[in-house]
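As a starting point, one isolated chain is supplied in C-alpha cells, in the form predicted on its own.
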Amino acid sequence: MPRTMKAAVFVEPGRIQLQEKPIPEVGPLDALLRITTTTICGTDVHILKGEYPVAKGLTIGHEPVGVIERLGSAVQGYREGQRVIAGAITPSGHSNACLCGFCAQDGAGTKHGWKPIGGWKFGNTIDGCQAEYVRVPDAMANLAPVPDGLTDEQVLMCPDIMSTGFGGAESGAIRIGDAVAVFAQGPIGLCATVGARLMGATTIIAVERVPERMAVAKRLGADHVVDFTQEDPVEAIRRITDGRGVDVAIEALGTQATFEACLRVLRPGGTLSSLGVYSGDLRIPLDAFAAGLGDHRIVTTLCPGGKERMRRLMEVIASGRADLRPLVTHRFRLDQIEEAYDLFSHQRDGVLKVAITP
C-alpha cells in the first residue's frame, strides 16, 4: 500500500488545490476508507470563498462512498473490502448532544467551550473525503454497508444532500395534506422537495429560476414551480393556496431574501424550516413576523448523520421511492478536482452535483 495519496487541500481563500498528503493512520475505533466516489457541496464553496473558516492545509469534502481498507483494532461488525458510506456528520454516539438526541451537534457545549455544529468533522475539523483515502472516526457509529445492487451514484446523495433536505422536511413536521413551499431548487432544495412528498405534502410549491432545476423539481414531485424572475413568489404562493399560505416553508439557499419570503408565505402558526448556510446576519421584518405574535415556528437543521440515518436513507433509495440520480449532472476524476470546483462554484452548464472518482 502506498504511503501518500492525492487530496484536495484548502490553501487559502480562493484556492483549493490537489496535493500529495500522507495516507491517514487509524486509531482503535477508526476505519480507513478507500474513496470510490465523492462530490462537492455548496458548503465546500463557502470554504473556498473564505466565508466559512477552516485550517489551511485541511483536506476538504464530507460525502464519502468507498471500501473499507483498514479497521482499527477495536472495531467490530465490519470487514475489510466492504462497501460502505459514512454521513457528512460523524457523531461519537456518547456525547451530551448525542444522548440528548442531537447527534449533529456532537462536541458542542463541552468544558472546552461552545462549538456549534461539532458533529460535522470531515473537511471542517479533520481531513475530509475529496481524496483517495479518508479516516472515519468512531467507525461503529458511522459506517453503513451499501446494499447489494446499489451503485455509488445512487447512494452518493445520502451522506449529506439527501439527509439534509429530508431533515428540513422532517424538522418542519410536515403532515399529510400540507401545503409546502421550498425556496431554491439546488441539490438540497430538490431533496427537500422529495422529502416533503414522502412525508405526505399534497401541494408542493418550488421556487427557482434555472430552467434545468425547475424541470428536475417537477420530475421529483413539485406540483407547482414558480419562477421568481417572472413573478413575485410570495404573491404566487398566496394565489396557489387561495390566500391561506403554506403550512411549512423550507429555506434552502441561505439569503436574507429567501428567508424573509419564507416568513411571508406562512399561514398563521406555520413553520419556517431553515436549511440554508448564511454568511451574514439575518434580519426578521416586523410585519412578516407579526411582531412576534403569529404563533410561527422557526427551526434549523444540520444534516442528520450516523449509520442508522444512512441505513434508512439507502432503504428509501433501494425501495424505489426516491431516485436522486438525476442530481448528478457532471463527472470528474480526482485529478480534475480544481476544474470541477471552477464549474461547480460558478454554477455553469446546468450543474447540480458532480461525481468525483479517484
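Start at 1 and count along the sequence shown; that's the residue number. Note that the structure is a prediction, hence the values are computed from the model and not measured.
Unshown form predicted in complex with a further copy of the same chain; subsequent notes refer to it.
Here is the short version: of 153, 132, 247, 127, the single residue with a heavy atom within 4.5 Å of a further copy of the same chain in the predicted complex is 247.
When a further copy of the same chain is considered in the predicted complex, residue 46 lies well away from it, no heavy atom lying within 4.5 Å. For the chain shown alone, residue 331 is not a contact residue for a further copy of the same chain in the predicted complex, no non-hydrogen atom being within 4.5 angstroms. The shortest heavy atom separation between residue 147 and a further copy of the same chain in the predicted complex exceeds 4.5 Å.
Among heavy atoms of residue 258, none comes within 4.5 Å of a further copy of the same chain in the predicted complex. Partner proximity in the predicted complex, defined as non-hydrogen atoms within 4.5 angstroms of a further copy of the same chain, places exactly one of 209-217, 79-87, 263-271, 153-161 at the interface: 263-271. Taking a further copy of the same chain as positioned in the predicted complex, the residues of 138-152 that bring a heavy atom within 4.5 Å of it are, in sequence order, 140, 141.
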